[in-house]
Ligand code: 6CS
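First, one chain by itself in structure tokens, the form predicted on its own.
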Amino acid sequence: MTIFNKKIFWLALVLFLTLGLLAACGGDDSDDGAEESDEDTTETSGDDEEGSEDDAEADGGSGDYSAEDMEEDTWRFVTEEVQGQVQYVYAEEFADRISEKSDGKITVEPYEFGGLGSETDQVDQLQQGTVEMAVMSPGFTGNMVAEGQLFALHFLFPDDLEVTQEILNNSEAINTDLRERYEEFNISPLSFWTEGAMQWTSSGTELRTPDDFENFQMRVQTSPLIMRSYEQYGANPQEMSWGELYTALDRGTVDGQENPIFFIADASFHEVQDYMTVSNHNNYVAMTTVNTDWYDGLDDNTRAMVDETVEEMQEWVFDEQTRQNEEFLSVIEDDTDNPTEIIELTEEERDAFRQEAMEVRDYYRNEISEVGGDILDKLEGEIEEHQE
């Protein structure tokens, strides 16, 4: 090989090695860039996840609404009961949850019975929009919403309270058809729930058979069907607000009344009654209601928060009424200063009342219902399905 050829060879070799080195360096730069890009993407993804968690916290864990978009407001929430009783503690719990979910922007003010008038006054206030929300029993709307009186029918719901609550939660007859009847009067029931089985108290007479109600002065709510139910047993029903009831029982103006156990004890009715008959003849059904115009006027964001909270409260209030009814039964049993004899009806004794009560269902269909008993018929079918 000549000297010239040797020079060309070495120059080519140096050039080849140089280009290879540059290519290798360029490849390293490209890999580093890709790794940095992956790291950047991971970090950004982490930020997004944190943002999503923050949004979920702002939404109260829902995702259907955001507290950030809510304006400050105050809602009035009336109940038919006093502090410590089921309806009032329900309103308190509801208020706490709404405050938390709205980041304190919305205040719910619970009102106990008497704070804004009688039960019928409260119905009128909700209807007119003087208050936004109310817990009420259908018994005090009987003269306004005829179909709502079906809750006054004795032995309609199963004895098992959990099954009854499941029916109240899921019944189309109640939550759709009956709700529409209330909305004709600017009241929207958002949920129905039991406060426990109803029992009878009495003085002078043990209530064991329908004959024991003959000429019995029975206090009842403002409902034609409730009155008819006790007339079927032979009683003389007397409409009366519960705020007047203790005095009426004490003075003998009326002989007895019906209520869940917690209410009988907390209102001290057992102190002025000789007997409490554990009949479980009915359920005290309460409704969480709102003024329809107000509810429909809420923005979707706020309405979603209300709906979610109402749904959450169904399980909570069932547990609360169970606790109170169990605790107050012990109060009555242990009250030696005001002894009350507790009578537990046998199934045979309850059947005698049940047979009389069945005739009242025909009265409801023919004389009370404005739709020929269609809602009751549908509800009875749903109850039968649950029991099967």
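Remember, predicted model here, so these are calculated numbers, not experimental data. Residue numbers run from 1 along the displayed sequence.
The protein also exists as the form predicted in complex with the named molecule; that form is not presented, and the subsequent description refers to it.
- At the 4.5 Å threshold, heavy atoms of Gly256 stay clear of the named molecule in the predicted bound form, well away from it.
- Contact check for Tyr233: every heavy atom lies farther than 4.5 Å from the named molecule in the predicted bound form.
- In the predicted bound form, the named molecule lies within 4.5 Å of some heavy atom of Glu81.
- Heavy atoms of Trp242 reach within 4.5 Å of the named molecule in the predicted bound form, making it an interface residue.
- Comment: the named molecule is not present in this chain, but in the predicted bound form one of Phe263, Phe94, Phe151, Phe192 has a heavy atom within 4.5 Å of it, namely Phe263.
- Of the residues Thr309, Thr141, Gln221, Asn283, just one reaches the named molecule in the predicted bound form with a heavy atom at 4.5 Å or closer; this is Gln221.
- The stretch in contact with the named molecule in the predicted bound form, judged by heavy atoms within 4.5 Å, is 81-89, chosen from 141-149, 164-172, 81-89, 225-233.
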